[in-house]
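Next up: just one chain, as structure tokens, the form predicted on its own.
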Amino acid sequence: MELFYSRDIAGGICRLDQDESVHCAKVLRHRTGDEISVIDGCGTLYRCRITTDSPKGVEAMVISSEEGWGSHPYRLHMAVCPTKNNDRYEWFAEKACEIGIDEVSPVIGEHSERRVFKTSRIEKILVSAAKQSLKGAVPTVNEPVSVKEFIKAHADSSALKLIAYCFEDENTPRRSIKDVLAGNESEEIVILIGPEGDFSVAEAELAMANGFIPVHLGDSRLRTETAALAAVSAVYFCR
């Protein structure tokens, strides 16, 4: 199924930007009168008929629309520390979108090796991943904040809040993410995943003081991007 992406849909008319127009009219050779499918990134699929087939700007008349197209029965916000190798973070974002997430927050921890993160490339990757996996919604990418800022910003959230870290704490034992998800029916979930050097003890304590539940992802020691994707998959299969 061919999918195009546009945020310029109003008054029964859909307009593709230049990149999408070139792909539609020049690469795929769609012409006036052809029907195409367009997602708006907010969850709606539009069936459209092309009225202008210029590679500089395709326009199409909306025939029908379907809200919640390709959606999942939960809202998942992944707060993941950027990896030292940026390609690994991009891989996580792409695959997580294919499985099902709604929001990505790059968070900078005390042990993070990468402290500068640009969101523009991730946003493009997520658009492509949403189209590839037949989803009407494209996950939101937030600007980077520190782990502590993120925790404090979600202190009053009613979501199921989880934090995964590697070290052991006798006073607060970690629970299996599968058990926590199975015992909670919340449709809104926030998961914190740390950097290669893990969260600091102070970060973990702050998270727990603000309602985050400490979890583990099994016995294996996972890379940041693998741990993040394992958490996304756990939510997908438990919800």
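Numbering starts at 1 and follows the sequence shown. On a predicted model such as this, the values are computed, not experimentally measured, just so you know.
Beyond what is shown, the protein has a form predicted together with a further copy of the same chain; the following relates to that form.
For the chain shown alone, E20 is not a contact residue for a further copy of the same chain in the predicted bound form, no non-hydrogen atom being within 4.5 angstroms. Residue contact check for K135: one or more of its heavy atoms lie within 4.5 Å of a further copy of the same chain in the predicted bound form. Y5 falls outside the set of residues with a heavy atom inside 4.5 Å of a further copy of the same chain in the predicted bound form.
Proximity of C14 to a further copy of the same chain in the predicted bound form: non-hydrogen atoms within 4.5 Å are absent; the residue sits far from the partner. This chain is displayed alone, yet in the predicted bound form one of E110, E103, E123, E98 has a heavy atom within 4.5 Å of a further copy of the same chain; that residue is E98.
Only one of I50, A207, I177, V190 comes within 4.5 Å of a further copy of the same chain in the predicted bound form through a heavy atom, and that residue is I177. Contact check for L222, S233 and Y236: all three have a heavy atom within 4.5 Å of a further copy of the same chain in the predicted bound form. Heavy atoms within 4.5 Å of a further copy of the same chain in the predicted bound form belong, among the stretches 111 to 119, 157 to 165, 125 to 133, 138 to 146, to residues of 125 to 133.
Of the residues in 60 to 89, only R88 comes within 4.5 Å of a further copy of the same chain in the predicted bound form through at least one heavy atom.
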